[in-house]
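Just the one chain here, the form predicted alone, laid out as structure tokens.
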Amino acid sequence: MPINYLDLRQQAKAEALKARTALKQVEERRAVAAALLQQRASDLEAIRQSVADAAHLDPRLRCALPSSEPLTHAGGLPAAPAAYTLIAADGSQINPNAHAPVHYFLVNLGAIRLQGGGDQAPDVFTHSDLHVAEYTRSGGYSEEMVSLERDKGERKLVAELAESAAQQPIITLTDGPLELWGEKAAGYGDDKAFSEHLSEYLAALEQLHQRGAATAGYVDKPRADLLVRMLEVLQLPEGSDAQALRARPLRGVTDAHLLRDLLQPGERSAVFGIQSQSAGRYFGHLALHFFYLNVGKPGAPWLARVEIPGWVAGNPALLDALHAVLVAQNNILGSYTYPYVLHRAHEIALVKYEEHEQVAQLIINELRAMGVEPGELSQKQAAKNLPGRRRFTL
């Protein structure tokens, strides 16, 4: 049956009406948050203590932690370094399909390395990692596990490419948060496997630290409320309990929403630490930090969140180089404010739909050549592949 657009139109109208009401409420909350941000801008030590007290009530608390800069800091655009090495990596994947004849997954990594300030053509790299999961130790992989493999692989690849980088400073970028999300692994309940992934990931970060690289995770269109959550903590009355902490008086306000009028194009926010349950995994110079960067145009702010490790947060020269190069990269794609090198890395890594079937057929052919007969399509998938359907799946 086709979609019932008549029903959908009525539902869309109702949702739009609710959105208009909610938006007004969020704007009121944003005004409260903005006033609080100004009032407590320089009260850094007291804020850190309030967050520590709140984290004692709820160890799962996830919010911003002030560093040495006022909450309302707006750092101007620094001069870009005359020469530098810029490395970006991205990944794509073919996820396992339980309905396919073979249970496999593929992680495809793409990277680009260029010399900033010079006229050399950039180098591009690809790395494809195939796992036929039916015959591995686990007997099966979830999409979350494949994402872990991809995220870890991206970090290891930029660390490897940084080792032979010619120019200093070295700046490396990946798309998305710097933190390897433990929640992604929770679905399969294999803590040992996640610990192994994390150990390799931290080793790659440490390798970048030893190389003196400014590594970062770039989050486009961030919806996080780490800074807003910190402001909610500051509103707690003295003697509050864990239940009071769970109230969200500023719900709906995002950090980008809060800071969009504070930061002019090219400016960055203060650098913040992150209070989270996973913070203990990233300690010392690996501790996770972030700042917001307005990569938009005058009258059209567009904020990105940039996640960095502690050694970058504590090194003004590296921080300035990262800041300047990111703004320059965001100016290359014209009206689209996204780092050019990350866009190119994505193009390099992308696995096209038709390649899914080619890889599956490749595995089937190799299995048969070894005398191993692959499984069969599920009955459900076979029915979907009946004549008249547009897409077939192996």
Partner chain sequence: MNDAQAYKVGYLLRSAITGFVAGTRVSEQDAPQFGALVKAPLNPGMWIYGLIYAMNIDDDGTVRQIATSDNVDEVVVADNRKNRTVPLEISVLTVGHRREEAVSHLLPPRAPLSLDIVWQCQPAEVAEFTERLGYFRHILRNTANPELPAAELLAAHIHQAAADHPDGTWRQRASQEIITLLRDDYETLMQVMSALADAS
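Numbering follows the first chain given and starts at 1. Bear in mind that the values here come from a model prediction, so they are computed numbers and not experimental data.
Missing here is the form predicted together with its partner chain; even so, the following discussion is about that form.
Looking in the predicted bound form, any heavy atom of E238 within 4.5 Å of its partner chain? So E238 does not count as contacting its partner chain.
Is it the case that N331, even though its partner is missing from this view, gets within 4.5 Å of its partner chain in the predicted bound form, heavy atoms only? Looking in the predicted bound form, residue contacts with its partner chain include N331, since a heavy atom lies within 4.5 Å.
Taking heavy atoms and a 4.5 Å cut-off, does R344 contact its partner chain in the predicted bound form? The answer is yes: R344 has a heavy atom within 4.5 Å of its partner chain.
May I ask you to state whether L245 is within 4.5 Å of its partner chain in the predicted bound form, using heavy atom distances? No, no contact at 4.5 Å.
Residues in which of 96-104, 110-118, 300-308, 68-76 have heavy atoms within 4.5 Å of its partner chain in the predicted bound form? In the other structure, the partner sits against 110-118.
In the predicted bound form, the residue from A193, A166, A203, V124 that sits within 4.5 Å of its partner chain by heavy atoms: Answer to the contact question: V124.
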